[in-house]
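Quick setup: one chain, the form predicted on its own, written in structure tokens, and binding and motion questions come after.
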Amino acid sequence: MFRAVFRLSATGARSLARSRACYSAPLASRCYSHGRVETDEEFDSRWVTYFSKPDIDAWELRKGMNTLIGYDLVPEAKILDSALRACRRLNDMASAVRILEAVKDKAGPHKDIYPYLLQELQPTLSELGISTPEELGIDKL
């Protein structure tokens, strides 16, 4: 038994010690995506349609927001407007405040994005009776 292990290890060591010829192939450029590229307007309308579904439930709302926040972008005000309206239809104010917190976090070091979005969403927030995290005082925790 030990002889077989020794023989296999010796063969493996010899094959590692052999030098192999190095072949270089020319680099080729590949196009991996043959699909259509979605425009910004199509992206926005897709998400507005998603959140505007009359039969959306709380799980779909959270799933959509998690997916949307996972993208490398800050959502447009019209997408957030439809998401906040979906929160109101579901009577889920905690999710509405969480959406605003996520957008503030997503804006990151760009301090002018979040106030702009609040300015754009102010009529919707007033209409739906949704308080911002700053109004609730939970931004300082």
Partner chain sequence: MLRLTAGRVGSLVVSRATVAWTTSSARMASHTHEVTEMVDMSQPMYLDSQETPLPDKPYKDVLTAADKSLKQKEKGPWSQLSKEEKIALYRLSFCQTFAEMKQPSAEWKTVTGGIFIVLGITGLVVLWQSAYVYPPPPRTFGEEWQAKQVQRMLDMRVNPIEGFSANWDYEKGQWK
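In this text the structure is predicted, and so the values were computed from the model without any measurement. Positions refer to the first chain, counted from 1.
One more form of this protein should be noted, the form predicted together with the partner chain, which is absent from this view; the next part is about it.
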For this session: Check whether R98 has any heavy atom within 4.5 Å of a heavy atom of the partner chain in the predicted bound form, and answer yes or no.
Result: yes
Exercise. Heavy atom to heavy atom, is L118 within 4.5 Å of the partner chain in the predicted bound form?
Worked result: no
Exercise. Should R62 be classed as touching the partner chain in the predicted bound form when contacts are defined as heavy atoms within 4.5 Å?
Worked result: yes
For this session: Indicate whether the partner chain has at least one heavy atom within 4.5 Å of a heavy atom of S131 in the predicted bound form.
Result: yes
Problem set entry | in the predicted bound form, the one of I113, I56, V48, A102 near the partner chain [non-hydrogen atom within 4.5 angstroms] | A102
Exercise. In the predicted bound form, do V37, D40 and L73 all reach within 4.5 Å of the partner chain through at least one heavy atom apiece?
Worked result: no
Seminar exercise, completed: Across 77 to 94, the residues having a non-hydrogen atom within 4.5 Å of the partner chain in the predicted bound form turn out to be C87, R88, N91, D92, M93, A94
